[in-house]
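This document starts with one chain, in the form predicted on its own, laid out as structure tokens.
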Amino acid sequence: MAFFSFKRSAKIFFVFALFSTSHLVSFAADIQVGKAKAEVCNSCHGPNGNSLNPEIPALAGMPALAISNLLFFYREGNRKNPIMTPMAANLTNAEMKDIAAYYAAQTRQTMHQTSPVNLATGPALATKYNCTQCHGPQLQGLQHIPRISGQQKEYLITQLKGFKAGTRADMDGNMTSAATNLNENDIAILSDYLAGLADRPTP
């Protein structure tokens, strides 16, 4: 895909150098500033990032680096969306970090109820397709990899279909590779299973 051009690969390298080495930059993320900046985001992504729209992703509890990277990709054109692209166009790197820090600090509220059948078969599929290997054992995301537990079911279906079809931008090709072998039933089961996963209480 065109996404894997040298120019875009260079941008991907840059974003990791920028956001994953926060101790080298002169500013720290400010959650309160991020909260103020995120007010306009909440109109789509829901109160405190808990989306109420089945087609719009929840951001609450997402790893901060995953959010800041995605905002960067929208701003730089690596990923395109008629709403997100203009929203990210004028954000500074510091503003991206502040917004990301705010959403990462919020509690994900999971309301979806997974069907008993998919609740039983979902874990095996998540293991088979390496979901837990990349997104973490509880599927809450790791560093730059987004959280998928408690995510909106319809959003998950759309993204998985996009990866499978090769129409969804993929940073390193892992999701496209993983989704290649998914069939329609797998996508339906995984999406229903993931959407219903709530945070485990702290012991």
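Everything numeric here is computed off the predicted structure, so don't read it as measured data. When you see a residue number, it is the position in the sequence shown, counting from 1.
Although it is not shown, the form predicted in complex with a small molecule is what the next lines describe.
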Check, residue by residue, if I56, L71 and L190 all come within 4.5 Å of the small molecule in the predicted bound form, counting heavy atoms only.
-> yes
Heavy atom to heavy atom, is H112 within 4.5 Å of the small molecule in the predicted bound form?
-> no
Might Q151 be said to contact the small molecule in the predicted bound form, defining contact as any heavy atom within 4.5 Å?
-> yes
Wondering, does M87 line up within 4.5 Å of the small molecule in the predicted bound form on heavy atoms?
-> yes
Using heavy atoms and a 4.5 Å limit, would one call R168 a contact residue for the small molecule in the predicted bound form?
-> yes
In this chain shown alone, the residue from A60, A29, L160, L65 with a heavy atom within 4.5 Å of the small molecule in the predicted bound form is L160
